[in-house]
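Single chain ahead, by itself, as structure tokens, in the form predicted on its own.
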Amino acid sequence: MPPRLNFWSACRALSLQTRVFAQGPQPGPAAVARGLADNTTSRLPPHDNSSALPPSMLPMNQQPTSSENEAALNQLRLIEYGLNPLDPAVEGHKYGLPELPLPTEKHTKHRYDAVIHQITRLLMRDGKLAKAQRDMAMILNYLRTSPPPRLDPSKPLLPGAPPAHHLPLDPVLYLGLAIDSVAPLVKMRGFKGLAGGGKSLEVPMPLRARQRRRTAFLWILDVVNRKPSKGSGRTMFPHRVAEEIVAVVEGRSSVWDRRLQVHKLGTANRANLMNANIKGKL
């Protein structure tokens, strides 16, 4: 049986329609924070209250520092590490200042042995220092790989020289010992017209260490240049010089006779040192 249509049934039908309800107020930040208490990060906007505090109440890492304060703090850190903050070797230097005077091997121009440096310059021709250094390296390598020399008791080396089987272990010492052992102690200097009849007066003069080594090595080069070449190549000249060095140590070189001749001449003319004409010229 169909429902009866009247005014009241029509009102009941209209009352069943849905309508939008007005939204209530949104929960505040505190309510959201309470609802998300298990969350470690807060959704509240960051708020910096440090700007409202005076500088004296701020933490040490947030206080404004000047250049003087930074320098003072750095000095405190150095004291904490056990260093002297006023040490001039530490101030302004990452690795500190070197100790003075510098050792010889620390200088760029004096990093080589004194004998090697001088002999290399004597080997140089036409300003070709690189070639002279290469020849010196070949000479030292020859001395290093050669068998121990057989020493001659009649022509001894310098006092305090190491045993013969130790010389190839140190080629720099090998070369220096050979040159210093055959180096002359004096040279003959002539004074013209003082011997009478226009003759020169020969007077022995002492030599310094560098002069002695220069004279000895020039004698060795003279012997090497007079020997016939065994072939061609960039290694022939250094090998001939090294062979002559070995001959000097073994007493087979003619440089020994030249040294003995100079010493005999100096001994024979040592009385000329008392000549009255040369007293003011020495």
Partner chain sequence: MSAPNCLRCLLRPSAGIPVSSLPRSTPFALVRAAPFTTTTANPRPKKEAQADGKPKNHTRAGKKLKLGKFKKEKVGDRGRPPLPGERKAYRKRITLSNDNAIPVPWLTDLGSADLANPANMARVMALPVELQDQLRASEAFKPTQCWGMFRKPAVLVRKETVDLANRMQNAVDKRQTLRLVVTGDKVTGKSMMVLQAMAHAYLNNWVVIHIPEAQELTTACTEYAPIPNTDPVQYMQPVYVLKLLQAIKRANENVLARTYTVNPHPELSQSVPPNTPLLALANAAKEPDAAWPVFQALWSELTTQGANRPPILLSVDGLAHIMKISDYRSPAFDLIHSHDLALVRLFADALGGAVQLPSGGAVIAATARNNAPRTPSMELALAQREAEQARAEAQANGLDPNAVEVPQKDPFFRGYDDRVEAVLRSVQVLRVRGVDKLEARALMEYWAASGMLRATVDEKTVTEKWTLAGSGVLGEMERAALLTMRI
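Positions refer to the first chain, counted from 1. Being a predicted model, the structure only gives us computed values, none of them experimental.
The form predicted together with the partner chain is left out here; the points below concern that form.
Three-residue candidate spot 193, 244 and 281; no residue lies within 4.5 angstroms of the partner chain in the predicted complex by any non-hydrogen atom. Taking the partner from elsewhere, residue 144 is found to have a heavy atom lying within 4.5 Å of the partner chain in the predicted complex. Taking the partner from elsewhere, residue 176 is found to have every heavy atom lying beyond 4.5 Å of the partner chain in the predicted complex. By the criterion of a heavy atom within 4.5 Å, residue 236 is counted among the residues contacting the partner chain in the predicted complex. The partner chain in the predicted complex comes within 4.5 Å of a heavy atom belonging to residue 201. Contacts between 158-176 and the partner chain, taken as any heavy atom within 4.5 Å in the predicted complex, involve 158, 159, 168, 169, 170, 171, 172.
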